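Below sits a lone chain in structure tokens, taken as the form predicted on its own.
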């Protein structure tokens, strides 16, 4: 299959990337980051989470963040919503898309939320119905689709099952997420070959973590399966809680560098993203883990020093 000529990059740094930061990131910093990413041309930004502050204190200011950002016309601003209360917050904040989630691993579901996969997704039925009534897009995220920290290998049939359940809820897009970054290119091919038989290829996305340094290879494998939506986090924000010290989300700058090299259109200004990655890394005192980002920053500074 020929590679896509254009892809959609969903920037998840402001939500998925920042949510595990121990020190609270000021609301103004989050707003500034989202505005910089909007200006860079992202068509979709995961901006906030409407979950209980008790569980995710970093996301307690979701309403303030959504109220303070400068929305770019045509861009989608997504928020994570675990329940009806979260949906109420999302609707009040004028979110364009809500994100719901379920694991493909039975062990992960039981360990984290004390219920089966089927039960976890059933809880989203009223949320999905209410969102559809209000004309809000729904995205379903299938976590642990390529491996689980508790049970190890996840059967492809389990991934397909969760995709079918999300499809029945009316999800507009479904993410296949390698939550712990253990996936390899061969497995990516196998998983996407299976899920594209039960859900439209053009509405599936790849969400890869770089724990084992395989994210870009896995993205290329997904491209070979015709997948044209990918998630990434500026500066590689977000760690992996199941592998201490490991990186989490693949860095957006690295993904954009790959796409530019392949001649695949994204509509996103890489230089502006590099600047945004430098901004947030300095703002929160965190190392920038994007290889392309650091290389391009070093090159720009070297050229400036010589001029």
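Numbering follows the first chain given and starts at 1. As the structure is a prediction and not an experimental result, all values here were calculated from the model.
Below, we refer to the form predicted together with a small molecule, which is not included among the displayed structures.
Using a 4.5 angstroms limit between non-hydrogen atoms, residue 113 touches the small molecule in the predicted bound form. Residue contact check for residue 19: one or more of its heavy atoms lie within 4.5 Å of the small molecule in the predicted bound form. Taking the partner from elsewhere, residue 151 is found to have every heavy atom lying beyond 4.5 Å of the small molecule in the predicted bound form. At least one heavy atom of residue 52 is located within 4.5 Å of the small molecule in the predicted bound form. The single contact residue among 63, 270, 39, 56, judged by any heavy atom lying within 4.5 Å of the small molecule in the predicted bound form, is 56. The contact residue chosen from 80, 222, 195, 117 relative to the small molecule in the predicted bound form is 80, the criterion being a non-hydrogen atom within 4.5 angstroms. None of 68-76, 137-145, 183-191, 163-171 except one has non-hydrogen atoms within 4.5 angstroms of the small molecule in the predicted bound form; the exception is 137-145.
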